[in-house]
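Next up: just one chain, as structure tokens, the form predicted on its own.
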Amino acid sequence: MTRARHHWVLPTSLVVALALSLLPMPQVLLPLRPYWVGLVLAYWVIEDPDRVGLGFAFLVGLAGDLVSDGLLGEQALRLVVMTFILQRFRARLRFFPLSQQALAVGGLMLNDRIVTAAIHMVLREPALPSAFWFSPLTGMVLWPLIFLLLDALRLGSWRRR
């Protein structure tokens, strides 16, 4: 018996992640905004590496750059670095319990912040605010929910109940 694959979940989840990244938030909460595209892409790199690789991450990052007001290529570079790290440690991450995966994803999001800060420093962009470093915590807290939601949609387990 083969599992039915839900091919619509990958593109839909990325479009929703892009939309969530554009959602207006109060100025006070902006530093806590999770990197939605990074979190969703991390799920897909871990769970479906045959479809989601470095080239796919680059294209998603370019799409993210086009819809946001950031530097062109910044998100693309950040997502490629994130995908490379995830591909390297994918086999280990898959078998971690969700709590340990959340810690690993938090570290990955922190690495993303370091890459962003390095890009801004090299390009002599204005310094990022200190609250900029809080976002990985939000991503770490949201990871179990994102993982379980995408897993249920991908596997269709929400229909069987």
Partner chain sequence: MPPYAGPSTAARSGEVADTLRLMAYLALALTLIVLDHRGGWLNQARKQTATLVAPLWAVAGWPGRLIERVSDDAGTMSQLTEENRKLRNDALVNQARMARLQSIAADNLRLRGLLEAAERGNLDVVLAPILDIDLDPTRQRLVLDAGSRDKVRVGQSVIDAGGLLGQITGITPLHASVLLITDPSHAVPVVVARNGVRLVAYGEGRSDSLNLRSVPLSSDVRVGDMLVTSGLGGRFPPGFPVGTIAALKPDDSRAFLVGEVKPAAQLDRGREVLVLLSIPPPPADTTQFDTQPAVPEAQAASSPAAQAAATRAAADAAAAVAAAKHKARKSKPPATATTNTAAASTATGATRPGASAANAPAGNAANGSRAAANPATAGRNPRQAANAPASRPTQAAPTTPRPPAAAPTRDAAPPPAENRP
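Just so we're clear, the structure is a prediction, and the values are computed from it rather than from any experiment. Residue numbers count along the first chain shown, from 1.
Omitted from view is the form predicted together with its partner chain, to which the following refers.
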State yes or no: in the predicted bound form, is some non-hydrogen atom of residue 22 no more than 4.5 angstroms from a non-hydrogen atom of its partner chain? yes
So, residue 48 and its partner chain: in the predicted bound form, are they within 4.5 Å at any heavy atom pair? no
Indicate whether residue 141 is a 4.5 Å heavy atom neighbour of its partner chain in the predicted bound form. no
Although its partner chain is absent from this view, report whether residue 89 comes within 4.5 Å of it in the predicted bound form, heavy atoms only. no
Note: exactly one of 29, 103, 118, 66 sits with a heavy atom within 4.5 Å of its partner chain in the predicted bound form, namely 66
Can you work out which of 93, 128, 54, 110 has a heavy atom no more than 4.5 Å from its partner chain in the predicted bound form? 54
Check all three, 77, 81 and 84, heavy atom within 4.5 Å of its partner chain in the predicted bound form: yes
Here the chain appears without its partner; judged in the predicted bound form, the stretch of 40 to 48, 129 to 137, 94 to 102, 58 to 66 with heavy atoms within 4.5 Å of its partner chain is 58 to 66
